[in-house]
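A single chain, nothing else alongside it, follows as structure tokens in the form predicted on its own.
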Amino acid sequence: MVEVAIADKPGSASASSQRQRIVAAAIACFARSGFHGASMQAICAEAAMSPGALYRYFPSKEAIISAIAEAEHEAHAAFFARMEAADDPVEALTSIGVEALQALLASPTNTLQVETMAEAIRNPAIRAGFQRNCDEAAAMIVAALRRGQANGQVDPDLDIEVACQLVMALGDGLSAHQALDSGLSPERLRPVLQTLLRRFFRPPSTS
């Protein structure tokens, strides 16, 4: 193990870099061994950092998981901005949304999505951070699709809140199947998902 000497002030650029390094190591460990199977010692080894150095930034695994939720929240900001700027929310979902899902499924750490859901069910403290992310994502998608209904781009008879939950559940389900090695590549899934979303959301005359 390579010990990393740390003498960073809180909030410094170097401290932020070290936190990102620990989070990246934890994500790799959680994806490989699960939240409960990955020990703090394993995370230290993955980060090439001594326990004393790591604990200076994160006192527990729960604190690291909360940081992962916060990083996910920040990553969503770019997706939200693109959705807000899109003229057609259906095409935005079939391009931006499917692109994001494709990247997730192709990632070697895609099993983390399943681990996160399982842990959030058991642990209210963990659930809070990830539930906030889900709620914000749902609110943004619902708002965009309602704009689409007003513009005649989305089926006016759809219950948009229910439709949004179904689409988000589809993404979660695909992550779970990918973790079980479904044999379907993201490249094969992409055109089928795009067709499904267009047919689901478009008014009947334009689907």
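The term rigid core refers to the maximal set of C-alpha atoms that superpose within 1.5 Å between the two forms. It should be emphasised that the depicted structure is a prediction, and the values quoted were computed from it without experimental measurement. Note that residue numbering follows the sequence shown and begins at 1.
Unshown form predicted in complex with another copy of the chain; subsequent notes refer to it.
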Heavy atom within 4.5 Å of another copy of the chain in the predicted bound form, from candidates A143, A63, A48, L166, belongs to L166
Please tell me which of M117, A103, A125, A78 lies within 4.5 Å of another copy of the chain in the predicted bound form, judged by heavy atoms. M117
Report yes if any heavy atom of T195 sits within 4.5 Å of a heavy atom of another copy of the chain in the predicted bound form; otherwise report no. yes
Examine P59 and determine whether its closest non-hydrogen atom to another copy of the chain in the predicted bound form is within 4.5 angstroms. no
Just checking whether A139 would be counted as a contact of another copy of the chain in the predicted bound form - the rule being heavy atoms within 4.5 angstroms. no
I'd like to know if R19 sits close to another copy of the chain in the predicted bound form, meaning any non-hydrogen atom pair within 4.5 angstroms. no
Using a 4.5 Å heavy atom cutoff, which residues in 32-47 contact another copy of the chain in the predicted bound form? It's fine if the answer is none. R32, S33, G34, H36
Using a rigid core superposition, assess whether H76 undergoes a CA shift of 2 Å or more between the shown form and the other one. yes
